[in-house]
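In the form predicted alone, a lone chain appears below as structure tokens.
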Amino acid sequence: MNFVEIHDWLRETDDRRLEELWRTADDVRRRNVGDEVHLRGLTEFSNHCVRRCAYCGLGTHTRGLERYRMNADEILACADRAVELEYGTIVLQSGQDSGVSGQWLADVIERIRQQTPLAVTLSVGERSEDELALWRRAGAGRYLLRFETSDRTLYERIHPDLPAGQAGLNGVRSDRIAILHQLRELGYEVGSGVMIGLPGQTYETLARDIELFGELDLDMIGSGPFIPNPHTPLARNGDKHPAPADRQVPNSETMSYKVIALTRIICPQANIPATTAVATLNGRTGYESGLRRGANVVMPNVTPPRYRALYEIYPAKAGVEQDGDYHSLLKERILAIGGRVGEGRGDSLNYINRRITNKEVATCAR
């Protein structure tokens, strides 16, 4: 599928045509990654963040937010909970927290790997190459870092650079594409994605984003709708650089499904989640609709409730109410649409096949 076709699908409004897109994406998903839906236990271990991203409720601009940072034993308890629920992966997520040292997090990763069978995924923002290498050696196998938008001008409007010397980075200019390449060289399964419907985002930009997923050969791709947080600069000050009304991408549920479906067609063997943000727009069937349109991963929240409500990137986050029977009901919902709950780590087939190919090339070279 080329840029023009992606662009045309993003603009498509005919329900019958969209049903064709949903069926195609679902068929590509079934043929390439099967009917297994892999569950990842999300642990939001810190809401501290040094950044001032215009759309995010965790930024330093948010006043009155109670900040927290879980200790190692609390994180290990979340890992134990993920094992109890028969998940294959724990996702350690935080703001870009300069108070979390590279060695401290490496020690936590090592404990999880020694004490549980879980794969460890990190989503902790832009960190130095030395830290990324340290965490890889400690046992982290996957890293999620959304590039948010391929439009550099739009990116810089919503994602200001860090002040000099912060977060242990060698430079102050944010370059997430370069970090994604570093992650690949370090041997991680590499995950990224974009925000859908950012003010100023055009259909052309979003089509280019989806093309870039394929060019980066991503192993995991998570994209969700922009949901305004009233405590952020973007919500308070409005968009001062709007796209023309006929070119602005809506932050709608349907547009989110279009991106999931097109991503599956472009990257057939990647792991693609039905994101919490989509479920926030439609708590009743959001996960199921995403899974029927190309997704094969869901990330239920195992963060302790007392912290979960404080990790408010955007308001009314669906994960806040994931208590009680939620986890067993989620499995029932997967079975009800003809899926199977995945077993084991659920490594990306894209990643597995690349490693096999690289080994074969290396053997031939010798």
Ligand code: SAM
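All of these numbers come straight from a predicted model, not from anything done at the bench. Residue indices: 1-based, along the sequence shown.
The same protein has a further form, the form predicted together with ligand SAM, not shown here; the description that follows concerns it.
Just one of 247, 176, 208, 157 comes within 4.5 Å of ligand SAM in the model of the complex, counting any heavy atom, and that one is 176. Comment: ligand SAM is not present in this chain, but in the model of the complex one of 78, 267, 195, 183 has a heavy atom within 4.5 Å of it, namely 195.
Only one segment in the set 301-309, 53-61, 331-339, 32-40 has any non-hydrogen atom within 4.5 angstroms of ligand SAM in the model of the complex, and it is 53-61.
Residue contact check for residue 226: one or more of its heavy atoms lie within 4.5 Å of ligand SAM in the model of the complex. Residue contact with ligand SAM in the model of the complex: residue 116 places no heavy atom within 4.5 Å of it. For residue 111, no non-hydrogen atom is located within 4.5 Å of ligand SAM in the model of the complex, even though that partner is not displayed. Heavy atoms of residue 231 never reach within 4.5 Å of ligand SAM in the model of the complex, leaving it off the interface. Shown without its partner, the chain has 93, 94, 95, 96 in segment 86-111 as residues with a non-hydrogen atom within 4.5 angstroms of ligand SAM in the model of the complex.
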